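Before any questions on binding or motion, here is one chain by itself as structure tokens, the form predicted on its own.
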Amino acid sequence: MRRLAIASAAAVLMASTVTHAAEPIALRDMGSFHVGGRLVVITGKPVKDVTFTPGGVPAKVDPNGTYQVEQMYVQYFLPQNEKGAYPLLLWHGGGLTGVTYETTPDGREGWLNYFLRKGWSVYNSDAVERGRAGWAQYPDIFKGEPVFLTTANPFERFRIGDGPGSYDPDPAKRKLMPGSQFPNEGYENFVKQNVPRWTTNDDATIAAYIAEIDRVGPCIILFHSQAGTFGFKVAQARPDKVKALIAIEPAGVGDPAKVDALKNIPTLMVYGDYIERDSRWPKIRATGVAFADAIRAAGGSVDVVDLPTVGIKGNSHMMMMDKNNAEVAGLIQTWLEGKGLTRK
């Protein structure tokens, strides 16, 4: 009887595995590198005695000297059967890292895997001051103090919950947006991805992203939220190397005086659901749409997609993590194919 029960359990497990298994991802190469940054000399600091391990012998540490700062971390995955005409660069938003695209809070595949499976070479980064890019002294180098978010903040600000007061430690008591596609059961895992951020390092971040493009070469940039400013401004700085822009709810835009530089770069802007219910997002979206209009007036091509108008509903600001993230990625893939950016 016990053997039968074990066999039945094994059969169920195998059936489940077959149901949910995806084809293996075949790579011709993968790796990582740091790019950008500068050397900075710090002086006038006192020498300190530091004990690096409990019970260890103290060592004198002189903080005066030259430091490497403001570099960026990039990890790349190159598929065996490449179908993208150019590499796809994934740039995350504020207070986040490249983890944004690696997986979802409830354990499903993220956009990194999705686009790899579609044959894109993918470069995923931790921008200046985030994750594996590393920190620098503040306020000596990073001016001001870092911004930390409470557990409730992203829930209420990223249109996951229905505004202020919608978060509760008990998932069952949270007030989600009606029809929300965000995986509420995995919200704690999303919060674990949050990292400190500065509001003073835009110039350093733009410089590092430019260095990434100079290293990678002609490419397509997919960027989210805070990286709206970075994506558009970097494209304005390297219009010959940026072949398309995909702006996922950009929270900022480029230089209005330099929109002409974007006229030959096809651009897609994607906005999720519930924008009209939020106190900030109607204005943020209006700024993005006005920038799109300016690009068009300069002779450029911009497609602005509000997901609910094309039948894709319930998306938060973190649409790459929502339960229908593959459907949203499919819309992007179709757009890329329509622009002739995939190989036959």
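In this text the structure is predicted, and so the values were computed from the model without any measurement. When you see a residue number, it is the position in the sequence shown, counting from 1.
Missing here is the form predicted in complex with a further copy of the same chain; even so, the following discussion is about that form.
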Would residue 41 count as a contact of a further copy of the same chain in the predicted complex, using a 4.5 angstroms cut-off between non-hydrogen atoms? no
Residue 155 versus a further copy of the same chain, in the predicted complex: is there a non-hydrogen atom within 4.5 Å? no
Could you confirm whether residue 77 comes within 4.5 Å of a further copy of the same chain in the predicted complex, counting heavy atoms only? yes
Can any non-hydrogen atom of residue 161 be found within 4.5 angstroms of a further copy of the same chain in the predicted complex? no
Go through 250-258, 176-184, 263-271, 237-245 and give me the stretch that gets within 4.5 Å of a further copy of the same chain in the predicted complex, heavy atoms only. 250-258
The listed residue (61, 310, 297, 286) that reaches within 4.5 Å of a further copy of the same chain in the predicted complex by any heavy atom is 61
Please state whether all three residues 121, 207 and 220 have a non-hydrogen atom within 4.5 angstroms of a further copy of the same chain in the predicted complex. no
Just give me the residues of 213-239, first to last, that have a heavy atom within 4.5 Å of a further copy of the same chain in the predicted complex. 226, 229
